[in-house]
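One chain is shown next in structure tokens, namely the form predicted on its own.
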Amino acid sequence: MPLGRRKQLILQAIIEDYIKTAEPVGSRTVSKKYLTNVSPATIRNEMADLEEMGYIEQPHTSAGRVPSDKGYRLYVDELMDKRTVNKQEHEFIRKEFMEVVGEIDMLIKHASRILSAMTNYASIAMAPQFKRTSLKHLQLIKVDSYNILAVIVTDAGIIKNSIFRTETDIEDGVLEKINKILNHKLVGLSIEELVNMDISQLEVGAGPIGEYEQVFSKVLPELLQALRYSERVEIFSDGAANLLDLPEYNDVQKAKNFLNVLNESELLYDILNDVSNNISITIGKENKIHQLKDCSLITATYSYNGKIIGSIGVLGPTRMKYSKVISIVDCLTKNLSDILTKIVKS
């Protein structure tokens, strides 16, 4: 059932006051600070209705109320004032990115640091997913008689190096010709296609490959195995200490549980791998991971040339400054996508 306008204003007041103070909100506070033309008695009645409808809760025996996950969800979807980053915040993000040089993974790690610094919550970030990119160039380099270095360059500018061993010594000239054949056959295919490739799909009969079929059949399986190994995605986190300053984490066990989550790369990967929208907001018990049932998570994807290759997010209490965090995450990921596209084109 839709809420009337007055109930909406009261719920909005309760949520915004609780976000600021972390203290249960009573009818007198709402009347005095937010709805001065409505009596505390009327507000109490409306609050009783909101509690019965599941939008607010009464912690312990306190006279005040706090928002429920359902209340936060309505607030985020319909009630909160949307904001955009101000000029100073936008300039800060731009300058921070401009100062970073080096590998793309380091750029994503720095983006995570920027997020935690600007929001005062914890941040998590997934390095670009190798499997979502396509092969742009492959270079096979002989290290010694039995070891070959594969330098794999994708269309997203991601570079992976991997060494694999062969059973026989391959002459430099033969390796060079195999390298050319592989580039001709494989460039343009996605990494996901390559790692799942049935080797028999590549015709090695008559023609340019046939001459080197025996060596080729030994190199290709090793190369595909190197690609599978390179699929591993690095996960970054930052700003865990920010949350320890919040009253929600005064409970040592609660703080410990949260910190344990940030140290579980597999859990963080599962969280970030599910992200498919520009901005996604998960509140409290909406989180699939039990340890995050008291947290909210705001995530977004980043891309290059319109192709999504990773995601980044902010973790904090359900009493989160949603509008501020959403605007920062949105601005940062757009800047990040722009920079990645420029890097790839350069």
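Source: prediction; values computed, not measured. All residue numbers are counted from 1 along the displayed sequence.
Unshown form predicted together with the DNA; subsequent notes refer to it.
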Q. Hey, in the predicted bound form, is Ile279 touching the DNA, heavy atoms inside 4.5 Å?
A. no
Q) According to a 4.5 angstroms non-hydrogen atom cut-off, is Met47 in contact with the DNA in the predicted bound form? A) yes
Q.
I'd like to know whether Ser303 contacts the DNA in the predicted bound form, with contact meaning heavy atoms within 4.5 angstroms.
A. no
Q. Any chance Ile289 has a heavy atom within 4.5 Å of the DNA in the predicted bound form?
A. no
**Q.** Interface segment, criterion being heavy atoms within 4.5 Å of the DNA in the predicted bound form, picked from 281-289, 314-322, 32-40, 294-302
**A.** 32-40
Q | Sole residue of Leu336, Val329, Leu11, Val25 within 4.5 Å of the DNA in the predicted bound form, by heavy atom | A | Val25
Q: Decide if the three candidate residues Ser134, Lys177 and Gly188 all line the DNA in the predicted bound form, where lining means a heavy atom within 4.5 Å.
A: no
Q: Could you list which residues of 78-100 come within 4.5 Å of the DNA in the predicted bound form, counting heavy atoms only?
A: none
